[in-house]
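Shown next as structure tokens: one chain only, the form predicted on its own.
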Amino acid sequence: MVNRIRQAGKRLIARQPRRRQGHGSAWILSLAFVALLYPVTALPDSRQTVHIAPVDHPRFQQVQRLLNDEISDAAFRAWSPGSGAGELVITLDRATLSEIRANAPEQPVLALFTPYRAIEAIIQNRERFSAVYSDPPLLRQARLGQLIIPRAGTVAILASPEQAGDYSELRSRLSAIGLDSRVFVIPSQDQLIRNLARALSFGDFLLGTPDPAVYNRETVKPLLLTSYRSNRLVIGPSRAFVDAGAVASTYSTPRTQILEAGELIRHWLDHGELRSPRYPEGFSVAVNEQVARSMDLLLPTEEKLRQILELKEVEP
């Protein structure tokens, strides 16, 4: 039966050129009839695949949607262990980054939503690896402190014993912009206040860092209250700390981080190599206006502070 229908369709097509002009509608119907008999097989997807992991991360859909909108020549799909060897994987948390690096060290990886220190602890070999760090660069934070307190000449840094030795390069860069710095070690949370008092007596402001042993939910309240009572500002380490009582911080939204990751992905697709990890270039400034007023600080708007900082970062 099917063969008879197909043969009828072929005979119909063969007769079409002999028909008079004006039977265009019949010709179109004939084509539609044959199309039903001989469906066109879809061409395979020629786009390169980029994987995203883990699929249950709360920002998975946002990452997939934004990157699909930005990059048309790649297909962004969920990653699963054992899939996509040699293809780029975007990791959305430190646990997934650590797992992939442990099990597939040659897998190309681009890390998102993971701070600099966490990545440094996981990544030993930077080959086939890139990242957009989730935390703001500390030099940018220190410059924000200088804008808020133009007379500032000293800055205090709190650190856990494990991270105390990691600030040598930062201290050199702080010195280059006119800030004398000192690291104060917090051996344990029960010794926070005593060592914090030493830090506050030294620094014109406290430079918050993404050290989870020092800055966490348990320490945020005593740390900020003690600093406030000592009339010392805390800059950073994040927008969440500004909401809790730090005077100001820079930050980059998840959208900004995803779109900047898109630039790194395009380079990978075009050249087959990953650029070096970097901090987000785009950023905003958050100011706790209530804290600023209570400390008699007259500050420019958040947007003005951002513009000034942006200019400072492009100065030679």
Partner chain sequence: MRHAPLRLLRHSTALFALCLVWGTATGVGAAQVSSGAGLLEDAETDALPQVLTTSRLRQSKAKTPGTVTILEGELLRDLGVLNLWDAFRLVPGMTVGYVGSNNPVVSYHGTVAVQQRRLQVLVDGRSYYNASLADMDWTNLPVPIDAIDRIEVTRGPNAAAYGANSFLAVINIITRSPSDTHGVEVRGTEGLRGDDGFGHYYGSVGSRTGPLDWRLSVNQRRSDGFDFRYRRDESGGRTDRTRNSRDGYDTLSINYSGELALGKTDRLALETGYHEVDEEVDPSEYDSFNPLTNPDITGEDWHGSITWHHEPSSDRFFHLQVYHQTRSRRQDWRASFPDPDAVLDDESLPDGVTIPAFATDVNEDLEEARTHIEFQQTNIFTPATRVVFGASYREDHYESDTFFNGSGETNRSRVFANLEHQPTPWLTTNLGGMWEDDSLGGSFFSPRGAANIHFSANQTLRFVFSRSHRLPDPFESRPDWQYRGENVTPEELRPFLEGQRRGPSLSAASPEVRPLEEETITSREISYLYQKRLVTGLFQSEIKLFRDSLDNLISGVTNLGLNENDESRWDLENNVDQTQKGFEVEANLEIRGSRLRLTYGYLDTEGHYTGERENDLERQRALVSLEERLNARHSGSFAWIQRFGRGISGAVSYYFTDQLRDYHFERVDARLSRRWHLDTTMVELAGVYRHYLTDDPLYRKDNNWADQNHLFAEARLRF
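These figures come from a predicted structure and were not determined experimentally. Residue numbers count along the first chain shown, from 1.
Not pictured, yet referred to below: the form predicted together with the partner chain.
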(request) Could you tell me which stretch in 81-89, 96-104, 217-225, 160-168 has residues with non-hydrogen atoms within 4.5 Å of the partner chain in the predicted bound form? (result) 217-225
(message) Each of Arg151, Pro254 and Leu298 having a non-hydrogen atom within 4.5 Å of the partner chain in the predicted bound form: is that the case here?
(response) yes
(message) Going by heavy atom distances of 4.5 angstroms or less, which of Glu289, Glu281, Glu263, Glu70 would be at the interface with the partner chain in the predicted bound form?
(response) Glu289
(request) Work out which of Ser188, Asn231, Ser172, Gln124 lies within 4.5 Å of the partner chain in the predicted bound form, going by heavy atoms. (result) Asn231
(message) Under a 4.5 Å heavy atom criterion, is Arg59 part of the interface with the partner chain in the predicted bound form?
(response) yes
(request) Report yes if any heavy atom of Pro115 sits within 4.5 Å of a heavy atom of the partner chain in the predicted bound form; otherwise report no. (result) yes
(message) Can you work out whether Ala75 and the partner chain are in contact in the predicted bound form, taking contact to mean some heavy atom pair no more than 4.5 Å apart?
(response) no
(message) How about Ser181 - does it come within 4.5 Å of the partner chain in the predicted bound form, if we only consider non-hydrogen atoms?
(response) no
(request) Any residue of 121-137 with a heavy atom within 4.5 Å of the partner chain in the predicted bound form counts; write them all down in order. (result) Ser134
